[in-house]
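The chain below stands alone and is given as structure tokens, in the form predicted alone.
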């Protein structure tokens, strides 16, 4: 095959492939539009009422439920750890707010942390393949098939919310949830706000099992439950000075907090 014929074949394949990809996109959009159960929102967000956690075990149970549902592996090594939601102390969660005058109860508490699904996500800007992308409803999602493992998104994320699969994660999943895909070695993963559950009209796992400590809803809807809570409570967000616009809010009630 000479060079000219090769170029013609590749050009034809590119056009055909683009048409097929466009068709798949169109099919997906039509399917999504026809899904009556899908929960609608203009800007999904989360409110975490820290005072409602009775202790670290509550957070561990929520993380375990999240990880089990989303096929998050338990590698057993700290340097290979995969985590979608986990706990941190006040100093590591709100380092910029550290002060000697803060309540000792607040300082000693553990806080659940996860991807903040930022309004201006730096991870999306640096991803060379658009494997990380922001949806119209504010969720920062991932296409694992496009991830090439460059880890630019990990370097850009100021919250440490992404994990890299240094090894094949599948042997480290105790019980695979067949409703969701498993990841492969060499890709990055993170919390997705359980987008698959939203499409079925269900709340994210963490919100469902938290017994009211984690609320999820539309930040753009003034009548939503999370907007009402935010309007009546003192809240903080992580590293707001960076301008990423986190969509996860922490309600702090110093007088009610438990260590």
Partner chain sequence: MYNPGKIITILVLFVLLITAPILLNIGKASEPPAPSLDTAAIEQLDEKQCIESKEFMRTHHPQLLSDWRQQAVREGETEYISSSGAAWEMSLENNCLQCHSNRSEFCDSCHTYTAVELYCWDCHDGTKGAGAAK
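Only a predicted model underlies this, so the values are computations on that prediction, with no experimental measurement involved. Residue numbers count along the first chain shown, from 1.
Same protein, other form: the form predicted in complex with the partner chain, not shown, and the subject of what follows.
> Judged by heavy atoms and a 4.5 Å cut-off, are 141, 180 and 199 together in contact with the partner chain in the predicted bound form?
Every residue of the spot touches the partner chain in the predicted bound form.
> Check residue 119 for me: does it contact the partner chain in the predicted bound form (non-hydrogen atoms, 4.5 angstroms)?
Although the partner chain is absent here, residue 119 would stay clear of it in the predicted bound form, with no heavy atoms inside 4.5 Å.
> Answer yes if any heavy atom of residue 88 is within 4.5 Å of a heavy atom of the partner chain in the predicted bound form; otherwise answer no.
Output for residue 88 is no: heavy atoms all beyond 4.5 Å of the partner chain.
> Could you tell me if residue 96 has a non-hydrogen atom within 4.5 Å of the partner chain in the predicted bound form?
No - in the predicted bound form, heavy atoms of residue 96 and the partner chain never come within 4.5 Å of each other.
> Check whether residue 133 has any heavy atom within 4.5 Å of a heavy atom of the partner chain in the predicted bound form, and answer yes or no.
Residue 133: contacts the partner chain in the predicted bound form.
> Under a 4.5 angstroms heavy atom criterion, identify the one residue in 156, 106, 173, 113 near the partner chain in the predicted bound form.
For this set of options, the contacting one is 173.
> Though the partner chain is not shown, can you say which of 125, 80, 92, 146 has a heavy atom within 4.5 Å of it in the predicted bound form?
If I apply the 4.5 Å criterion carefully, the residue I get is 146.
> Which is the contacting stretch out of 96-104, 182-190, 80-88, 148-156, given heavy atoms within 4.5 Å of the partner chain in the predicted bound form?
Partner-contacting stretch among the options: 182-190.
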